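The chain below stands alone and is given as structure tokens, in the form predicted alone.
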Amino acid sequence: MASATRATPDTLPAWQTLKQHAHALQNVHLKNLFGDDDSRWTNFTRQVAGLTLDLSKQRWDDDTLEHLLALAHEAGVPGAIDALLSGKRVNVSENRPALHTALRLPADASLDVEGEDVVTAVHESLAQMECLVQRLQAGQWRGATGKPIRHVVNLGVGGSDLGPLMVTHALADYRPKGRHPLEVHFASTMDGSQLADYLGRFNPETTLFVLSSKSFTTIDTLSNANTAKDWLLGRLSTHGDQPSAAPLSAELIVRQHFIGVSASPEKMSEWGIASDHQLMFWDWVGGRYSLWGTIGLPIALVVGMDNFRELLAGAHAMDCHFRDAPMEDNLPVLLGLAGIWNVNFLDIRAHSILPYDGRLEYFAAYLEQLEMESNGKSVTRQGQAVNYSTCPVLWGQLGPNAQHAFYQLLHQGTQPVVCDFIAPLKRYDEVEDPDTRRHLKAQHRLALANCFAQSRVLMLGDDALDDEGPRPEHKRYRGNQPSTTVLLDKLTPFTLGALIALYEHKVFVQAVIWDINPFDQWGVELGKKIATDTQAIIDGEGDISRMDASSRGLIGAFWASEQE
């Protein structure tokens, strides 16, 4: 990344130029920037890896982009890209690389990181994962009583949950045909509500749990895992539905019903997971960047290893583009610069993610963690407090549903919001029945019409309407809301991989310019520590007098409820 002694971004010459430029544009409506210039689409649209990135509806012009590119150069973005992809220690607070991109390098590649070729280890872990996937998909993995596994429950939280959940839902159409029936489920909530539902419905003899935790100390995941273990031991120790049979050992039950995925093999072994049922990843992979490796086991179980490797190939294609494309044609750089312009110069602090495809239902939630956990920072890489805005607040929902919910605020509220519209161009070609295919393709066209119309109205406001008659104020629309549209040729494992990598690298570009570390999460770690201390007090093992009045009152209310 950039030098440790670099100037803060707000003192860079290009930053000062952009401040003056923003002042000159502040009263220029987006509809006037767009005008009737057909070349604007060409000037602000780029294509790569099955994606089309349309930035023409951003509130900027050619001069804006020129100044932003100058800022990227002054902030050291080109050198930072090289440092990231070559394995330098870009995670400065933890003094290690951030090598999620190495997880999607092809097997014939090499990447020497501090004397070790990490590609070999990555593909060894993928080969081990493939063996487990093949056994489960073929119905060859048997539970402790000899029955084939039917349900797999992923126990994880944060990056060990959101990434695999998002991708398995997005690529459900790519389930291999003719395999053993296998259903994958996710439990992340520490209150046990998701897990309780599964334990009430599933047969323990045919249920396998994947315990996914980088550190293997995350209390949310371990509390669910311990509950699942006790459930299995209680139900299977008497041989399931054959209580007269000899009791099964706890070691056998845990061995046949748990897979561990972690960077801490000793903790997995201590918990009881068999060594040949342990999948490894490394401390140079952050949790929110980990779906590309063994944390992606649930993905591979749903779509198969061939499609999982296509997901990696799509991400790698975006990595190569990020490394090789000139800045002015580099999709992650351009998307990142649009965000810098909106946050720091147009003062737009809210960002909505709006996919127009039901398969991308969890994409907004995934990006919420990716961006806000990465760039929700207020301290520079040198440890100084920032005096400029960093990450905006992200939220989102499926666009067709959001149109009936919070789009009212987008169109007529007082809060400026930048929106990302995401949609595939083609869908339902593979549906065999002609009538069903025709109806579904019509529905897809309807979704695209809404997607394109909403970004148009957000840009133009009243000018998007054909009628010229006067309207009362409550029926007027100001427009001038910037947006980005990302089109996928078709939603496939390859294009989804490219899409995710596009946003990963966008986050990195913005972090470089803001001079913050996107690869740590000390605020999250603080929350975990305070929660552990509070749990001890709730359990009567700590000093409640150290707590504030509100916390004492809340804990007291809980204690009182237990006495009722």
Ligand code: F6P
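Heads up: residue numbers just count along the shown sequence, starting at 1. Quick caveat, the model's predicted, so the values are computed rather than measured.
A second form of this protein, the form predicted together with 6-O-phosphono-beta-D-fructofuranose (F6P), is not displayed here; the remarks below concern that form.
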Joint contact, Gly143, Phe209 and Gln256 to 6-O-phosphono-beta-D-fructofuranose (F6P) in the predicted complex, by non-hydrogen atom at 4.5 Å: no
Partner-proximal stretch of 485-493, 316-324, 210-218, 169-177 relative to 6-O-phosphono-beta-D-fructofuranose (F6P) in the predicted complex, 4.5 angstroms, heavy atom: 210-218
Contact flag, Pro332 vs 6-O-phosphono-beta-D-fructofuranose (F6P) in the predicted complex, heavy atom cut 4.5 Å: no
Residue contact check: Gln369 to 6-O-phosphono-beta-D-fructofuranose (F6P) in the predicted complex, 4.5 Å heavy atom: yes
Non-hydrogen atom contact Val524 with 6-O-phosphono-beta-D-fructofuranose (F6P) in the predicted complex at 4.5 angstroms: yes
Any non-hydrogen atom of Gly287 within 4.5 angstroms of 6-O-phosphono-beta-D-fructofuranose (F6P) in the predicted complex: yes
Contact residue in the predicted complex, from Gly87, Gly461, Gly339, Gly158 (heavy atom within 4.5 Å of 6-O-phosphono-beta-D-fructofuranose (F6P)): Gly158
Contact residue in the predicted complex, chosen from Asp420, Glu310, Glu205, Glu373 - any heavy atom within 4.5 Å of 6-O-phosphono-beta-D-fructofuranose (F6P): Glu373
